[in-house]
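Single chain ahead, by itself, as structure tokens, in the form predicted on its own.
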């Protein structure tokens, strides 16, 4: 996005701010309520106008060969509640791809699920459809209106040397795919990022079943999905990948008081796609190689401060190589300066373990650190803007280190 377009986006934001009363009327018009039928239906949405200025090649799940990237997004939400027991939710999006890119526009349904609550309380809920994972504490606040930052924490978007469409022949293949220098040099290309997987791909809207609930100060959630947490968005629909090799995930949470929230998560499931079957060792299937993950999360709130942290230990069972381990975490803080102005900082790290290469052990990925700084301002209940700067350090340095972003969000 060139600077002249940047100015037009800012002008649009201030115009919308001046007409905040219009959004009040739109919000009322999109609500249907029938007390006799005990039915309520609400349509709402987000319009996100994002622009990035970044070094090349772009880091993580940003797909562009340009320094400037304009990434608009329209999200439409349908919330339907019938009595206390039946809830339907749909999220549809129009954008340039699930992750920021310079591709053409596309439309799709990211989420659609039906929830049944048999009791008159929240002790147990049954859910079926396509929905975000229950793992961790970032996913419940990942949408642009709740997220203090424009992007996700590093562990949700940093690409590793794990491919899902092909198994490596040896350790040299894995190191090449992970862009790790060795005696043969290393791969510093851009094109192969379409094959690489992160530990967790964003909110992981895979398809499946879930059981959730709250009992006093304890929360629990368990799900069975058709794809692993690291799987790419095109595999999340049940029509693209069935349940022959399911993934099981869960979280247990404890809230000792209003200030603290603690959680432990776990997940396990095959990460390879059907295309990788031909590259596997003899008499092996994709179900033999899993991504195993254990996570811990903390949330804390006190006056103007909010704090979140997640710690994950992940293991990819790699054909012909063995276990490839990763440890990743982030520490995030938000401070509300005024009722409308806030600032946030996030420190991220992803550290790679060793794999056996003959008689030696070698690190199979490049350790990565990133700091994110953001300032946001909420003009009204329907308009906010964020400015963010991120600096990434990776050894060896191969991706862009600097990313600056602007996001304007209209809520209706």
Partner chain sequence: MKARVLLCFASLAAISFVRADATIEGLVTLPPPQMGRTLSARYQTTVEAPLTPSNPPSAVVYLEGNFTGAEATAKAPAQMSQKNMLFSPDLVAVRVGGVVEFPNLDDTYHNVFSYSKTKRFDLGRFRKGEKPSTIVFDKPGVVTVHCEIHDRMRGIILVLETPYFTKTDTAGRYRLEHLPAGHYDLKAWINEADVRSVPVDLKDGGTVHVDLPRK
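Here the structure is a predicted model, which is why all the values come from computation and not from measurement. Positions refer to the first chain, counted from 1.
Separately, the form predicted together with its partner chain exists; it is not shown, and the next lines address it.
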{"query": "Its partner chain in the model of the complex: contacting segment from 63-71, 48-56, 356-364, 380-388, heavy atom within 4.5 Å", "finding": "380-388"}
{"query": "Its partner chain: the contacting residue among 313, 237, 79, 172 in the model of the complex [heavy atom, 4.5 Å]", "finding": "79"}
{"query": "Of 301, 333, 276, 209, the one that lies within 4.5 Å of its partner chain in the model of the complex (heavy atoms)", "finding": "301"}
{"query": "Candidate spot 33, 140 and 340, all three touching its partner chain in the model of the complex (heavy atom, 4.5 Å)", "finding": "yes"}
{"query": "Interface membership of residue 244, its partner chain in the model of the complex, 4.5 Å heavy atom rule", "finding": "no"}
{"query": "Residue 257 within 4.5 Å of its partner chain in the model of the complex, heavy atoms", "finding": "yes"}
{"query": "Residue 220, heavy atom within 4.5 angstroms of its partner chain in the model of the complex", "finding": "yes"}
{"query": "Residue 83 within 4.5 Å of its partner chain in the model of the complex, heavy atoms", "finding": "yes"}
{"query": "Sequence-ordered residues of 193-219 touching its partner chain in the model of the complex, heavy atom within 4.5 Å", "finding": "205, 212, 213, 214, 219"}
